[in-house]
Ligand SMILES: Cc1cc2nc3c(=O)[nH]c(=O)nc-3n(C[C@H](O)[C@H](O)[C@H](O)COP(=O)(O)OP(=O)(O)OC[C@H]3O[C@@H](n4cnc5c(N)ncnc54)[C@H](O)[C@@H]3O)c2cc1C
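Below, in structure tokens: the form predicted on its own, a single chain.
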Amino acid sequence: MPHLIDCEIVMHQEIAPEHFRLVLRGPEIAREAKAGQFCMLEVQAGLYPFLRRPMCFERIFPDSFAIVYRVQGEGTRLIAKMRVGQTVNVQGPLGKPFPLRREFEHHVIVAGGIGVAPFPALAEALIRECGAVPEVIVAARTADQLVCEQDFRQMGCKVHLATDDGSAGYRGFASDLLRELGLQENSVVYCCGPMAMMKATHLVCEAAGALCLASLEAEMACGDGVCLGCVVEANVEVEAERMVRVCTDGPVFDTRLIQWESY
């Protein structure tokens, strides 16, 4: 069962233009959280904004956890104004984590924009649990929107950068760079970012015979599967519907289960 607790803000800093890292002390959540899961943050007391905001775990510590987010709406604008010492009501951990597949030899992370958010925790888990140091592709529109690069490098990961405008690293899409890495059947790819990017990543993996696991992003009202506001079309039938709920069936999915033709 997820916890519903008040968490103290112990750190809050801007790490790139309009991108922030928020660290919350919540031992109950931190002890149970796994890479790929998420939590729901109450933006402020009262009726506006009414809905909590879903945020994945960027790092997980013994008694606290970090969240990386981009300011892109009223909710995140209000979160960005929060200060160290304040408390935030948090529901979590929620959702299914990334499976840690020890049988694969080549682990590749593909992060597009703020989709990088769940991956420092995953990289740490792969190193700790599988003894596997992942190769990482971090992609964004411009160089100043690339985040977490140094975090991955400090873990010993080989990092590739891709930008749409060529201001850092490879000029082009993350999926094009992934294709150049030479995936094989012993490769597993973890991706998160815009749906178009994840669709392209899925197609590269499909052509190479590699497993692809995607963390889907969706607007959520409840976080526990009741409202059906975060459903996406699937290739399998779940409860007589060809839809899956990002919050409870995911957010991590084998990309072969998703109906990518819709995107």
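Not measured: the values here are computed from a predicted model. For every residue, the number given is its place in the sequence shown, counted from 1.
Just so you know, the form predicted in complex with the named molecule exists too; it's not on screen, but the next bit is about it.
- The candidate site formed by Ile9, Arg21 and Arg59 is entirely out of contact with the named molecule in the predicted bound form, as no residue has a non-hydrogen atom within 4.5 angstroms of it.
- Per the 4.5 Å heavy atom criterion, the named molecule in the predicted bound form is contacted by stretch 73-81, the sole one of 127-135, 143-151, 73-81, 96-104.
- The named molecule is not shown here, but in the predicted bound form it comes within 4.5 Å of a heavy atom of Met55.
- At least one heavy atom of Glu219 is located within 4.5 Å of the named molecule in the predicted bound form.
- Contact annotation for Ala117: at least one heavy atom lies within 4.5 Å of the named molecule in the predicted bound form.
- In the predicted bound form, the named molecule stays beyond 4.5 Å of every heavy atom belonging to Cys212.
- The contact residue chosen from Ala35, Cys205, Val68, Ile29 relative to the named molecule in the predicted bound form is Val68, the criterion being a non-hydrogen atom within 4.5 angstroms.
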